[in-house]
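A lone chain, given as structure tokens: the form predicted alone.
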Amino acid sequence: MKSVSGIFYKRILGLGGIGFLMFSCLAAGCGGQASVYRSADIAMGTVVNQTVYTTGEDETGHILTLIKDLEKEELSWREADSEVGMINGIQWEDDGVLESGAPRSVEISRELYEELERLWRISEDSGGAFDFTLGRLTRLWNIDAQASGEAPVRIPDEEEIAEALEKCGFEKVSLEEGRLVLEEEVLLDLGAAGKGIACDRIGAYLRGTEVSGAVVSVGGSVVTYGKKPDGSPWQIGITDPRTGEDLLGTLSLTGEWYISTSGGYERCVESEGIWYHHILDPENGYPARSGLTSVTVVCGSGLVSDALSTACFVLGREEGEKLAARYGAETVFVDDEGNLYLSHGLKDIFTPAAK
């Protein structure tokens, strides 16, 4: 579960739930001075917050559409017509979703091919701690639906977990000349990287606009772009995993960066006195117990930051730090006792929250 909490703008609550705030200030259209547009909405099953400075048109609506289209047309396993849906062979029937169990060789788009190549490499480099083929396992646990109250709490038994794990594994997938080849019963689930991919797409989009600065959060994944009109750095808050609400501290960042957090404190359920979160360990099929409650990764790629935050959470601090360093990423680790560990590159730009 991803939960970087940016110091952005709070949800605007109204009769319809989360409202939508958009307004312009800073003398729009006056002498080429940048206007600021802010919005809060829902996409990819999470809150999307935007602050955008531009001398051109308001881009917040375009960015929101980009995120929604990415989910619907490419990444969502729930959409039968999305790329991932078609790869998984999804069909909707009266009693739910039917997914193909047959081996598949599927021609895929260049964008998805390149993204899956990078995710496959992270899976290999992490020893499988990150795995984009856990579809059978995540469906079995169904933590998101249970945590939201859409489904009753039910903890799968060991036999069910073992059976699901037999149908998972990034090694069961290969990429060959524009095609994705999957072994029998394997289902993709890009949930642990999708919001980071969305941030990458946002960054690429912004480079072709008149936006001079922006910060956009898609749930727990954040992209900072350009700079504020006054030149001050972006302030990105990291949630304190002990409360899930308060801030642990803030990162001061300038320019284009991608930040993702994985933590076991938001999407979780309780059964017989035990709490179960949604970050699953591909080795044993259960929620990861690595001695960590939160991992934040900062680097130059949304996909990498998102996937690494999950992998590092599963691996634990020692191995997670090694993996992050391999990708030139900076990290913030919080362990089960509340101890904070910053990588060297963040020590001068992280400010702890006042107690």
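Quick note: we count residues from 1 along the sequence shown, nothing fancier. The structure displayed is predicted, hence computed values, not measured ones.
Another form exists, predicted together with a small molecule; not displayed. Remarks below refer to it.
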Note to self: Quick check on this chain: which one of Leu119, Leu251, Ala129, Leu187 has a heavy atom within 4.5 Å of the small molecule in the model of the complex?
What the structure shows: Ala129
Notebook entry, point to check: Given that the small molecule is left out here, which of Leu134, Val215, Ile87, Ile202 has a heavy atom within 4.5 Å of it in the model of the complex?
Noted result: Leu134
Note to self: Against the small molecule in the model of the complex, would Pro282 count as a contact residue? Criterion: heavy atoms within 4.5 Å.
What the structure shows: yes
Margin query: Check Ala192 for me: does it contact the small molecule in the model of the complex (non-hydrogen atoms, 4.5 angstroms)?
Written below: yes
Notebook entry, point to check: Does Lys228 make contact with the small molecule in the model of the complex, using a 4.5 Å heavy atom cut-off?
Noted result: no
Item checked: Interface membership of Arg267, the small molecule in the model of the complex, 4.5 Å heavy atom rule -> yes
Next item on the list: Among 106-114, 231-239, 259-267, 154-162, mark the stretch whose residues have heavy atoms within 4.5 Å of the small molecule in the model of the complex.
Entry: 259-267
